[in-house]
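Shown below, as structure tokens, is a lone chain in the form predicted alone; questions about how it binds or moves come after it.
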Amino acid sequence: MQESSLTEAKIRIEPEPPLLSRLRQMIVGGAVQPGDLLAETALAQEFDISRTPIREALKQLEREGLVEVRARVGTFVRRPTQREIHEMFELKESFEGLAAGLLARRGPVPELEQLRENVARSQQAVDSGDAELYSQLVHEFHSTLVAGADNRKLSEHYDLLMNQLAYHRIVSQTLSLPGRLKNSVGEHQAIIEALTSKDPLAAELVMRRHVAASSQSAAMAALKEAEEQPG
């Protein structure tokens, strides 16, 4: 194997620093909100480490589009603009549409059964009115679908997109809209039926329609949130 190939292999298997993962999860999971200050000194005290690894982790998160550095002010959790959210949902629609088509071609793979189990649990969450559990199941559904496409490059780009979108927070907002909880689980069931039919084009179309509906709900939720803010 050539030296360049060895280097590439090393990059692929090198584990990510735990600190970076924890800070990213704080942002993606909603422990810190858009606009919040991420002070190096406070984070160093919280994690009981020096400021140097904190600074390096924040630089990586800046490259991923999750934080922004304001000169002589500090590092803040980045708040995507409405245009960026719209554009990211357009990419999400393409990525997940492609994933659904690829998964439909694969037939009865384990991920398909996992999706069926997810929908069954989701229906129970809807019946009990557990929006928080359903929000977690939504994330699991979409992640499983993309994993089922068995395309590593698609998964890499999808994960980066979902982190930038802070999807868990958006789902929590959209599920507060009247009727969205029930409609969402129905759309997931339709996706399962399309995947089971092994029709890649039908699966992609149904998936795209679902993401488009989610995008519209996200826009409505953002408008509602803006109207409720004081001032």
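Rigid core (definition): largest C-alpha set, two forms, superposition within 1.5 Å. Note that residue numbering begins at 1 and tracks the sequence as displayed. Only a predicted model underlies this, so the values are computations on that prediction, with no experimental measurement involved.
Beyond what is shown, the protein has a form predicted together with the DNA; the following relates to that form.
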Option touching the DNA, based on a heavy atom within 4.5 Å in the predicted complex, out of L66, I191, A57, L38: L38
The DNA in the predicted complex: contacted by all of A120, A125 and G148, heavy atom 4.5 Å: no
Residue stretch of 27 to 35, 183 to 191, 198 to 206, 44 to 52 approaching the DNA in the predicted complex, non-hydrogen atom distance within 4.5 Å: 44 to 52
Interface membership of P110, the DNA in the predicted complex, 4.5 Å heavy atom rule: no
Contact label in the predicted complex: S135 to the DNA, heavy atom within 4.5 Å: no
Proximity of K153 to the DNA in the predicted complex, heavy atoms at 4.5 Å: no
Residue contact check: R83 to the DNA in the predicted complex, 4.5 Å heavy atom: no
Within 4.5 Å of the DNA in the predicted complex: residues from 57 to 75 (heavy atom criterion): K59, V69, R70, A71, R72, V73, G74, T75
Did V77 shift 2 Å or more between this form and the one not shown, C-alpha, core superposed: yes
Core-superposed comparison between this form and the one not shown, A44 Cα displacement 2 Å or beyond: yes
